[in-house]
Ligand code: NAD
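This document starts with one chain, in the form predicted on its own, laid out as structure tokens.
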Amino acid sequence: MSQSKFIVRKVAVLGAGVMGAQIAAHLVNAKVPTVLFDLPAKEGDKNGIVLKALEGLKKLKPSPVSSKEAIQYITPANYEDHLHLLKDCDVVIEAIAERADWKADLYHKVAPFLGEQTIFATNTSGLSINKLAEACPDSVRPRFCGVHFFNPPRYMHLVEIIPCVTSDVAMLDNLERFLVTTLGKGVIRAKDTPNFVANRIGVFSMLATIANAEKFGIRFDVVDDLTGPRLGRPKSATFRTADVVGLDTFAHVVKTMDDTLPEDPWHAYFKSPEWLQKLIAAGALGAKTRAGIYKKDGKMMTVFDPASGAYVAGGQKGDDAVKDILKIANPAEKFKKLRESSHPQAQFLWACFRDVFHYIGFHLGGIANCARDVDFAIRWGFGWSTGPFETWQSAGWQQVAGWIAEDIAAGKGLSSAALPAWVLEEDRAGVHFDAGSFDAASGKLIGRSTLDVYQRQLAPAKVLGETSAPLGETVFENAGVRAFTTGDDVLVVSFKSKAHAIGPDVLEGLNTALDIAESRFKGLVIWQTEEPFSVGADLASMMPAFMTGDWEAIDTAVCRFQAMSMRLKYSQIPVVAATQGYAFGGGCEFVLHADRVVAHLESYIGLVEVGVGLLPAGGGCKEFALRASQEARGDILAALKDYFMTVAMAKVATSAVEAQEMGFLKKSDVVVFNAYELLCVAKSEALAMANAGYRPPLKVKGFPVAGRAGAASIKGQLVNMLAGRFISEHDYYISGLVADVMCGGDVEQGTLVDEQWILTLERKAFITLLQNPKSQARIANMLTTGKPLRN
């Protein structure tokens, strides 16, 4: 008999602090009813501490919840009155402060109330799981482990599972399945060593950067300019990251390393620098206190200068010569140039890389199960685009290892610890191969997890060094798209353009793919190999016609776009759009016309054309006008108003759930939490529709519109917005055109029109705006700066 499946009906989170409350929020995002516990309040409502935490969730930006409704599914509780609720919880996550004695006291209190099968996990960023397990009764220990979420839990992909020696293997697998599919996480299993994998290496990287900045005399703002996006890392880079995390929190993690890693050869650097301690003592804790390493002074951003102990004007950038080295595409050449340069900023960057490579090479066997786990931990937990082992391998393993060894011998490294023998093996080409990633403890290559949940990831995250042949078998390809099959009856189309913008090549390719799919396949899925889904129409491709005033060519291009949207809607096979990241403008219009959408939770969908001085003309206005007429109970204008505001204000949904509430997605569309499962789910939806005898929707013969009276009513409200200076005169003009189009033009209220009628109005209004100098200025500004212009 097969093992019964693990079902999570309810979860409890113990501790309503920053992490506990946000973990609870993400659980209810995933429709998991959650009980959030804390101490009983000393006065007033005994659940006061939790209730205050829930109010706090509503104010956080970015929002920890995918919909305002979600918070009501968190049940507030306290340890005095509600421990009996634990017996119905399949998973209990403890997330109180990082004090082993407090955690032990809580375990004694809650253990008698846990259900017999309940998984009990501690969310800790660095305490020993085996030590904490000792505070659990024998019966609970097989169901106890560490689970380390990263902040903020909704958005950070990484979760570390840390088994203790008594953890049951089947329990760990069940927890991993739940984290991967239900909560959408990237899971790595970490060894029970201080700070586990991501924080151990990520925090060391920050400490090495701080030490090298002092050694080479590099200002903090220059460090941040050089160690952010230029290295494929987040905008917050190094020092701003410390501000965002909180200088007190950062110092706490460093202290954990100082206290628990006395044998580490880099131990001398596990200290908060004196200047950092002074900032903390002065209450300058970073972003949460509005002053830390950076501080805003009026409109000017200032940065702390440790030499003078004062804030100085910020915003200094790295030297152009060093930035030019960072632009070199070949990693081997880039690192050679950095190492050979006499420029202090280049020497600083090489030293930062070298010290991290030295550290991971030395510690791999002790802290991680293989090199892949290290790279995923840093990519998913710290937002690096490539992990440290990947970076090393891509720059030439032997060459870099030789340089590190030379620097250690010359006393240039932060530690004199010798590199392990495996790093210097003559035939070593790296740590990542098709057969697996290197485990320094066993000397073997470790393959991917064989857990069933990963069968759903048709295009899993790859590491550099694994050959990544394109997914599936190519059926058709042109300059704009690749259409392929993975051996079933669904054709998958991916765009090849930058940010998946929709230009002539994409439209032509998509049309051909639909021809092929209609004749040979059961369904079509539009899925991109990485986010975004699409930033919309490729405005740059219209520029030549625009510059020469060839309005006829532009009119033809818009006609083609509209025809593509309509073809997606009425094709003879089901069309499924699989979205993640941005789906803007024309990308959103494709989504509106698909039979079904499978959306990753972090899909940000919107008709944003007004921001560039235009209006949606690929069927977006038409589709919203049609939906309003179908939803109207007699009063078309009332149903239309929200849709109008969404277009006129260029509103963007901040989650797939919000996109359903705003009408970009239908209630029947599917929200998926793990982006790596998108393609699998989208294909199964297409096949299910086909197997149910799919027929395209019948073309609407005629639907009622709000007419000129409806447009006049909307424009009356726009006059008030103009008078109150909420919108500019050009905004007023564009919004008026949007109202005319969505209300069906110069006709009586209730007039029946077809889809083509509104598409024609869209197209004419779009070209009118293209010819307007103020709209032209907005388009030019967006194409040159990437930012909207308000004129």
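Start at 1 and count along the sequence shown; that's the residue number. Predicted model, so just to flag it, every value in this text is computed and none were measured.
There is another form of this protein, the form predicted in complex with this ligand, and it is not shown here; the text below is about that form.
**Study point:** Residue contact check: T181 to this ligand in the predicted complex, 4.5 Å heavy atom
**Key:** Flag for T181 set to no.
Check your understanding: Does at least one non-hydrogen atom of S449 fall within 4.5 angstroms of this ligand in the predicted complex?
Key -> Contact with this ligand, no.
Check your understanding: Should H500 be counted as a contact of this ligand in the predicted complex, where contact means heavy atoms within 4.5 Å?
Key -> No - in the predicted complex, heavy atoms of H500 and this ligand never come within 4.5 Å of each other.
**Study point:** this ligand contact at D38 in the predicted complex, heavy atom, 4.5 Å
**Key:** Yes, contact at 4.5 Å.
Practice item. Have a look at 304-312, 482-490, 692-700, 116-124 and name the one stretch with heavy atoms inside 4.5 Å of this ligand in the predicted complex. Key: That would be stretch 116-124.
Check your understanding: So in the predicted complex, are G20, Y79 and H148 all sitting within 4.5 Å of this ligand, heavy atoms only?
Key -> Spot residues vs this ligand: full contact, yes.
**Study point:** Selected contact from F546, W422, W102, W275, since only one has a non-hydrogen atom within 4.5 angstroms of this ligand in the predicted complex
**Key:** Exactly one listed residue reaches within 4.5 Å, namely W102.
Point to revise | Option touching this ligand, based on a heavy atom within 4.5 Å in the predicted complex, out of A321, A170, A97, A410 | key: By the 4.5 Å criterion, the partner-contacting residue is A97.
Exercise for review: Could you list the residues in 364-395 that come within 4.5 Å of this ligand in the predicted complex, counting only heavy atoms and keeping sequence order?
Suggested key: Residues within 4.5 Å: none in this stretch.
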